[in-house]
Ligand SMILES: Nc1nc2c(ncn2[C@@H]2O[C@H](COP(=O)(O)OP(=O)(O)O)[C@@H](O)[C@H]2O)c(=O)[nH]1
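First, one chain by itself in structure tokens, the form predicted alone.
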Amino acid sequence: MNIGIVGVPQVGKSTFYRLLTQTEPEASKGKATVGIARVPDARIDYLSAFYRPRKTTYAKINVTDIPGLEPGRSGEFLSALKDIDAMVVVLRAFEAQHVPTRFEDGINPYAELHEVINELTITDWAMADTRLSRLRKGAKQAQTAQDIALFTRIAEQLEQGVPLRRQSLTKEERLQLQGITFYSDLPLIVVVNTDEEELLSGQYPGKMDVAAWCEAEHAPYLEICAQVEMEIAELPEEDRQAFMQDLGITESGLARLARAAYAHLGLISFFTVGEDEVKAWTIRQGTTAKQAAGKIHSDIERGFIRAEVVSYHDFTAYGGQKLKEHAVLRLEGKEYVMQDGDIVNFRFNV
């Protein structure tokens, strides 16, 4: 999974990037930085403690810290969005004397959110309008006429400020748009970057407006104090839990973001286990057992026979013991639809 951290300048994107990847963003100004975040998963922790494998592999998220968006100067910003699966829009709610406010009325995360959305929508309008001009110069074929009608409607609504995600498109029209990246159609996750006082109080400027917008757009919405979580992450393991409890933090920002991203994008995890390796694999909801086998290796998918499956819940309920006797270890065929937390051993022959 590839996510891009976006936002206007000086909202704490780089701090959030460090929190997720535990690495420093590259110093080159105006350039995107790519890193890897390991997805925390208590299920992997349990399975690793049970099997004591030589290697434990968590699911990973590719994280791109994208240059701050400046309206009218978004070239590098937009080029870095081409290969991502979801945008994490970081908004500033924190007070900091050394960081100037962007608006005359002070801190305004809701206005920042609209800056980002408006810039994406304007860019999409320009792209749709250019595409429409080219289509009109082409041959008058039936397919071209359909495309002209579609892009005309899309461009008109974009010009009125309606992002593509809010436009009513049929499945057939979506197919017509395959291969074209519309930035205002990318999945969104909103992260409000608070300060410690706001984290404790749960209040900050514009909270109701941001929350209402996210609810209307069906966008996941998180409140995270990136600076405090960075400081906690740098503490010895034995001290972290106490500090998190003092601040009312039940789980890390990375864990919350990963859960929101997986749910929003329709992703789940299954596990392969053994003495060599315990590993998490990321797949889309609805993936069959045979397709999941191909995630590991194409030979396993091609020679698929059966999948030995036990749910993580059943595995832990019986302590990983006598699973066959308890009738929780099942043999599933190639059309079995994988479930989140399935522990699988694929039988295959090539």
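We number the residues from 1 along the sequence you see. The structure displayed is predicted, hence computed values, not measured ones.
This protein has a second form, the form predicted together with the ligand, left out of what is shown; the following refers to that one.
Colleague: May I ask whether Thr64, Lys82 and Pro187 all come within 4.5 angstroms of the ligand in the predicted bound form, judged by heavy atoms?
Modeller: Not a single residue of the candidate spot has a heavy atom within 4.5 Å of the ligand in the predicted bound form.
Colleague: Is Thr123 close enough to touch the ligand in the predicted bound form, meaning at least one heavy atom pair within 4.5 Å?
Modeller: Judged by the heavy-atom cut-off of 4.5 Å, Thr123 is well away from the ligand in the predicted bound form.
Colleague: Would you check, heavy atoms only and a 4.5 Å threshold, whether Ala96 touches the ligand in the predicted bound form?
Modeller: Yes - in the predicted bound form, heavy atoms of Ala96 and the ligand come within 4.5 Å of each other.
Colleague: Taking the ligand as it sits in the predicted bound form, is Ile343 in contact with it (heavy atom to heavy atom, 4.5 Å or less)?
Modeller: Looking in the predicted bound form, residue contacts with the ligand do not include Ile343, since no heavy atom lies within 4.5 Å.
Colleague: Answer yes if any heavy atom of Ser14 is within 4.5 Å of a heavy atom of the ligand in the predicted bound form; otherwise answer no.
Modeller: Contact with the ligand, yes.
Colleague: Could you tell me which of 258-266, 190-198, 155-163, 273-281 sits within 4.5 Å of the ligand in the predicted bound form, going by non-hydrogen atoms?
Modeller: Contact criterion met by 190-198 only.
Colleague: Which listed residue (Leu113, Leu254, Ala128, Ala226) meets the criterion of a heavy atom within 4.5 Å of the ligand in the predicted bound form?
Modeller: Of Leu113, Leu254, Ala128, Ala226, the residue with a heavy atom within 4.5 Å of the ligand in the predicted bound form is Ala226.
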